[in-house]
Every structure is written in structure tokens, then in C-alpha cells.
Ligand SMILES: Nc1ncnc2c1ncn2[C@@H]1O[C@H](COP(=O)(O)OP(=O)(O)OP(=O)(O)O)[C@@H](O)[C@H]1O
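Only one chain comes next, encoded as C-alpha cells, the form predicted alone.
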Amino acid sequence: MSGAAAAGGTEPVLRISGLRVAFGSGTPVVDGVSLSIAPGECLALVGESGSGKSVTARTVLGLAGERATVTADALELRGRSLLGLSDRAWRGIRGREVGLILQDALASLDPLRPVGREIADALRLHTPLPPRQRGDWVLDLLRSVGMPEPELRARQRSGELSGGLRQRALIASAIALDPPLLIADEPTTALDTTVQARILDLLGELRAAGTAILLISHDLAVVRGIADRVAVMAEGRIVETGSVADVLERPREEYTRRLVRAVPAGKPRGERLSADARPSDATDARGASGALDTPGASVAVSARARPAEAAASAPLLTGHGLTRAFRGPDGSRRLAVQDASFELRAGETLGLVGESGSGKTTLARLALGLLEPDTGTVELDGRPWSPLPERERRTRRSLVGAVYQDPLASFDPRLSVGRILADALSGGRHARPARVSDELVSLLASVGLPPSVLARRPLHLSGGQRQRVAIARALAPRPRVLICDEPVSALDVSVQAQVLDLLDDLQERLGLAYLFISHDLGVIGHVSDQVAVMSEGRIVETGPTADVLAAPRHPFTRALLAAAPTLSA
């Protein structure tokens, strides 16, 4: 059902008018929001991090927080007011009346219970089904969200599943009771292209069956593919709303136009996505202390500027015939990486794409020397890297750094940013920040952050600031190679644009080599010189990015491209 149908007299499933949410005596983080969603309609809520999207969604579930002050002219679910409900009343609504899909499946699922039991709990609490039927229903739900080997996965705990598999389990849990309203807060962020397409098809089927969906997403291509209407939030207010076509193709507000311009899909290599000045435009960070003068930085300073020299240079990181297997929960031996080979040169980006569970992260860990291959070798700068005892790698460990999807999980929450970076600069020898203050300021400046960030803890930074700190930490030991594993998938589109531009600037200035893992083909197409496609542990296709994405040879690559959502009609 479209927004027009909703406006034609259909009683909305959710009606919000004049919603305000504040914490303590602070300025409202949601300020006068009004929206409605009809049965069978999907409303997408988009905007930058901190704009109030998730607070709005959590308020609908009574989860705004103990310190939150919630007021509204109307906050109704199927005509019933949600204002002033008791905890007991809310427990009867969550799950049965409103389903919730969150972005962070690892934090949302119980790490101590198999995912099948967790999904079955909703059925146990809210339905009269006997145990055997609950088990059958759980398997049907897992199949409906594209979970491979559902019988096996139902017996596994969340920590034993990949990010994409965890997200599928979380979605299965949210739709178990077929609630009339589904709140999907970044539901496909952790999913690869083909699984994302299945989930969007599933959400589309739920919408067609009459489920109202409030979709929160920073991926405007996903929004284009499923939403009927779009509401754009900025600083707690809805600044623009309308049909998907009107808002994404003919945005009225400059804020919305900036969001659309930041989408990387279709933008050529090297084109800037954000309006931010380059870090070097404000200050020459490296000139202050030389902290980022990277060994070998003069080699292929820009692969884009000197592609012939980059192509002719010796590989900096090379994998030969890498194979790695793991013992599965059923005792069987499962090949995660099979006979994989790659080459990466200074100043070059190799994009690595594939479905969840295809072996991308395992290959990255083999490249980092965090896993030993069962067969095959990795060479760093022409010398053996893996397999080797760690003591023989230690003197060269600083040459390879990593940037991960969730920087907060990789930081010690007790430490300030200054201490985190000081430890990285000193090689983990716990140097006192005061002794390296010039280097710390230079390091932060290189990623576009002010010195005031040094005194703050990661928890008090925005997602984009945390990822910049993660990049600064990775740069501190002066690496020549960075392994970037989904470094922007959790960021909103404008912050993603800033981080991608930052990585591009750093590569051009320092000649860094990137192994860049992403499920987003738009991102891969924008950042990569070469691309490698993985399926079931094997690299099935590799070549120049433009060639692979424009004329894929392998059926799996063609399937990935066919499943990718696009911003165009």
C-alpha cells in the first residue's frame, strides 16, 4: 500500500503527533516529530547519526530510557495510546504488537543460548504451541530469512555465527509473532548483497501482507527499493517528507541533497563524496612532526596518478594458494578459504566482495598473520610473513594495520583517545601521552579531528569520530598496508562519505595499500583499483574494478550485481 492509500482514509497502525523526547534538562533530541504509517506501508526514516531516528523508534517501543522525558500530542498504536503505559503493559506489546530489528545483532542476541531457543522463547511466551511445533516454526522462520543449514544454525550460539547470519537470526526473532508493526533499524547493514536482497524481498512480502514497517536506514538504495515514503530527519526534526521518488530524485532541502550526493555508487575513483576540506587543507599534519612519514611512501604515491608505475612495482602483500579449515559444531571440517591467491601493491586498493560466510574475513586474518594457513603462504614486501612464528613477525608487525567495522568493540572503554593513540605510537609499551603530545595532535589532524578529542573516551564520540580514531590508531605505527574490514558499513551516508574521502586522501599522500572488504558494491566500485570476488572460500573472479563490475564473467559475480539495490528508478 502506498502513501496515497494511507492518506485515503485507512486507519494508521502508528500515529505520532508532536513527539518530543529529552534527556534530563537538555535540549530535546526529538523535537515535534509527526508521522503515520498505514497497514501495508513502509515509511523510511533517514538522516545523519544523532538526528534522532533511533530515539524516535525506541520511543515507540517504550525504550527511550529511564532519564527520558517523553511528551506528545498523540502516540498511538492501532488507536491505542502508548503514553504512560506500565512496564507490564509494554511487555505485552513488544514482540506481539511491535517487532524490532536492530543493527547490532551480536549485542541483541543472548550469547549463552542457541539462537533457535531464543527465537522459540517468543513463541513459548505468546502462543499455545507445544515444543515440537515451536521447533518446526523456528526452522521455517530461519528458512524464510535465507539462513543456510537452519537445523545446524538453530543449535549454534550467536558468537558462532558470522555477522550476516546473526542478523538473519535476529530478523527471524522479530517476525516470529507476525506483529502488525515492524521497526527495522538498519536491518541490512551487516548483510551482503544477495542476502540483503532476500531480506528486502521478505520485508516486501510482509508489507504486501499488511504489516506496517518503519525502516531506519542510511542506505538510500535500500530505501529506494522498499519504502513508499521517506521522512528526512535533522537535529531532531523532520525537515522533508514525501514519496521516495520525490525525496530522492527531486529533494527540496539542501540537507537532503547533500545526503544524496554522498552516495558512492556510480562515482568514479578519486571523486570526492563529501564537502569536507581535505585534512591537509587545514594543516599539514605530517609536516608538524613527521609522525606519518611512512617507509616506502614515495613508491606509487598515487596509483590513480601513476597507474603504470603502480602496476609495474613489486607486490607489497601477496597470498599464494591459501587454504584454511575450521572444525564445525557438528564435528565436520569446513573449508573457510580454499586455494586463494592475491597481490596488492603500494598505493593500490584491492576490493574483496562476497556473501557472508564466503571467507573474506578469514582471508583478511590470514593476511594479517592472525591466523596460520593450513597450506599456502603470505609474503610481505617480498619476505615470508605467514606461516611464521609470531616472534619472527614481531619486528615487522607495524607494517600491517587494520580498521574494523565496529571500532568501539576494539577500544578499551576505560582509556582516553590520547592513551589509546599513545599506546599505538609506542608499540603497546604504555607511553605517557604527554611525551608524544605533538605526535598525537599530528595524528588526529591527519584524520580531521581536533586536539580536544584526546581527552575524551570512545564511548563519548560519534560513530564517525570513533572510526577516524580507529584509522588514526592504525596509522600510528606507520604501516604500509591497511586491512579494512567493512570500515564504513555501520556509518550513515554522509559520515561514510567523509571516511571514504579520508582514506582516499591518506592513500594518495602516503602510498598506502588497502585490502578493502565490503558487501556494498557501490563502495567497492568507488574505492577499488582491483576487485576480487569470493564464493565458498574461493576467489572466483578478479580483475580491474571497472571490468569486473561492468562485464562480470563468473555467474556468482553476475548474481551479486543483479541483487545490488540501486538509487536509480
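Predicted, not measured: the structure shown is a model, and the values here were computed from it. All residue numbers are counted from 1 along the displayed sequence. The term rigid core refers to the most C-alpha atoms you can superpose between the two forms while keeping them within 1.5 Å.
Another form exists, predicted in complex with the named molecule; not displayed. Remarks below refer to it.
J.: Check each of Q467, S442, T362, T349 and return the one that places a heavy atom within 4.5 angstroms of the named molecule in the predicted complex.
T.: Exactly one residue meets the criterion: T362.
J.: Which pick from R334, R91, R456, R113 sits with a heavy atom within 4.5 Å of the named molecule in the predicted complex?
T.: It is R334.
J.: Where does the named molecule sit in the predicted complex: which of 143-151, 117-125, 319-327, 419-427, heavy atoms within 4.5 Å?
T.: Result of the contact check: 319-327.
J.: Given that the named molecule is not shown alongside this chain, does R58 nevertheless sit within 4.5 Å of it in the predicted complex, heavy atom to heavy atom?
T.: It does: once the named molecule is placed as it appears in the predicted complex, R58 has a heavy atom within 4.5 Å of it.
J.: Does any heavy atom of V540 come within 4.5 Å of a heavy atom of the named molecule in the predicted complex?
T.: Flag for V540 set to no.
J.: Verify the contact flag for S356: yes if a non-hydrogen atom of it lies within 4.5 Å of a non-hydrogen atom of the named molecule in the predicted complex, no if not.
T.: Contact check for S356: yes, within 4.5 Å of the named molecule in the predicted complex.
J.: Using the partner position in the predicted complex, report whether E41 sits within 4.5 Å of the named molecule, counting heavy atoms only.
T.: No, E41 sits far enough from the named molecule in the predicted complex that none of its heavy atoms falls within 4.5 Å.
J.: Within 4.5 Å of the named molecule in the predicted complex, which residues of 32-57 have a heavy atom? Give them in sequence order, or say none.
T.: If the 4.5 Å heavy-atom criterion is applied to the named molecule in the predicted complex, 32-57 yields E48, S49, G50, S51, G52, K53, S54, V55.
J.: A367: with the rigid core matched between the shown form and the other one, does its Cα shift 2 Å or more?
T.: No, shifts by less than 2 Å.
J.: Rigid core fitted, is the C-alpha displacement of V21 between the shown form and the other one 2 Å or more?
T.: Yes, the C-alpha position differs by at least 2 Å between the shown form and the other one.
J.: Under a superposition restricted to the rigid core, does D529 display a Cα displacement of 2 angstroms or more between the shown form and the other one?
T.: No, the C-alpha moves less than 2 Å.
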